[in-house]
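Just the one chain here, laid out as structure tokens, in the form predicted on its own.
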Amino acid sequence: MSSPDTSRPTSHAFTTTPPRRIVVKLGTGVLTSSVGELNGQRIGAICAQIAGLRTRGTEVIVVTSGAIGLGMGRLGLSKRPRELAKKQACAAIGQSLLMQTWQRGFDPCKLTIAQVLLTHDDLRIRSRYLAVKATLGQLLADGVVPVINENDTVSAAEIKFGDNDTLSAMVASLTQAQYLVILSLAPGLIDLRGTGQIVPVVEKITPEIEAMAGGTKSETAVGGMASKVSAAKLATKSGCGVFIASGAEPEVLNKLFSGRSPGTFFAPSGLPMESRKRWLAWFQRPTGTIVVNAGAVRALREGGKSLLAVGVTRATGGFAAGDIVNVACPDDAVFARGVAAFAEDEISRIAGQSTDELRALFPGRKHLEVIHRDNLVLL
């Protein structure tokens, strides 16, 4: 394993030109002083920094945790409940308190917030995805600060994001933000297997980088560093740079966007995908998997080709035509995702067959690709 880069950069591209748009995600530990108690002073300081960024021309979207923790405090709970209904009740109690606190924090800055509550379905279903994107765009155009949280009051397992780190990465991708800032009480990604120091810059998220991350021991939070690195992986593949830093650091946002960079910066990878490809790649829960041979892997990865039946070895999941599916290598490692043109049972019948053989099976059918390249994205 090569050692992580521990040389801190002295400047970034945005030191002279403020970013156009950023997403700031704040964890429960940053926002609270104890279970059920908001840290109003810290929230006020963060609001003032966000207001300062806005005066320099940067649009800011906030993704906030804390509703369940606040509800726990009102109900006298010291540990995060396991029962879904109890967590939903805590969220229902805490959400209004959370939004009131954010608005009070922005009041001295003369800024208005807008509450936006989302479930995974709001971003998975294309029409709702576009509606969310349009609403957030309009709020920003009106000079409003969108404050986003998962709709924990109604979210069940099948419609949950899992944690607000993932939600913030999806919001950053959806809104084509230049940077995502994830603030918790962690000072950054720490190289626990090597130097024991914060890794200042991650050029690429490798298995070695992922191994540095751990979970959380907080009674009010979920995720931990593992979820933050996973979120960074999603956001950087959408062309968004990611900072992980401590929200307890004084003037943390001002430091990040003046090149002093406390914490860890994850560099964006390559050119960002266009909007529909991002939606296919990161906003879906695939209903099945198509496994392909080595030749098809090369054709898709290197040739930009459509997936043809001749390259398919098997399909699983009971999916229908038009469903989102994963595409896997012969060893079952997923490397692509797309819209299946055939149902699972049809693909199982035609796997390995040539296009000429398919024409005989489906006379008059114009398109015989299993997944057309326009409906496929590499992960």
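Quick note: we count residues from 1 along the sequence shown, nothing fancier. Please read these numbers as outputs of a predicted model, since none were measured by experiment.
Only in words, not in the display: the form predicted together with a small molecule, which the text now covers.
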## Note on the structure
Interface check vs the small molecule in the predicted complex: of Ile46, Val327, Ala67, Ile347, the one with a heavy atom inside 4.5 Å is Ala67
### Task
Check each of Thr264, Ser184, Asn164, Thr236 and return the one that places a heavy atom within 4.5 angstroms of the small molecule in the predicted complex.
Asn164
### Message
Looking at heavy atoms inside 4.5 Å, which stretch does the small molecule contact in the predicted complex, given the options 46 to 54, 308 to 316, 59 to 67, 327 to 335?
### Response
59 to 67
### Task
With heavy atoms only and a cut-off of 4.5 Å, decide whether Asp122 touches the small molecule in the predicted complex.
no
### Query
So in the predicted complex, does any heavy atom of Asp191 sit within 4.5 Å of the small molecule?
no
### the small molecule contact at Asn149 in the predicted complex, heavy atom, 4.5 Å
yes
